[in-house]
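Single chain ahead, written as structure tokens, the form predicted alone.
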């Protein structure tokens, strides 16, 4: 399985729509995308993970790295995810306390940072 990435601007936020699997093979593609966005001045990101079918520890590491990068610029990184199997990974690892997780892009965009 491959990883698909698309981005769009929604006001002051950049929405990154992710699909497929985020694993040791595909995570570098997501990492590069997040680095490129922050380097270009996008510090408020919403990562829409509704199309993610699998997420491993490498993918979690990429998301944490992205969060650190935006926070270095007083930015934010919100996640959109309603899939129970992906949410379970965030709960088990305690990352639900680190990432704001929303049920829709609209909800994430409405959240104040």
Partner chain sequence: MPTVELHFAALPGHVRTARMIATAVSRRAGVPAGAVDEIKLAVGEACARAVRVNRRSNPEALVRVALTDAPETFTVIVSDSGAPGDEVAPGPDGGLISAPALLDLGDAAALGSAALTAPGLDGDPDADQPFPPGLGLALIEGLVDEVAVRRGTDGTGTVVEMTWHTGEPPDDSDLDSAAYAALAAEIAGSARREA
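Positions refer to the first chain, counted from 1. Just so it is clear, the structure is predicted and the values come from calculations on it, not from any experiment.
FYI, the form predicted in complex with the partner chain isn't displayed, but the following is about it.
A residue is said to contact a partner when one of its heavy atoms sits within 4.5 Å of a partner heavy atom; residue 50 fails this definition for the partner chain in the model of the complex, lying far away.
Shown alone here, residue 57 lies within 4.5 Å of the partner chain in the model of the complex, counting heavy atoms only. Put simply, residue 11 is far from the partner chain in the model of the complex: not one heavy atom of it is within 4.5 Å. Heavy atoms of residue 31 reach within 4.5 Å of the partner chain in the model of the complex, making it an interface residue.
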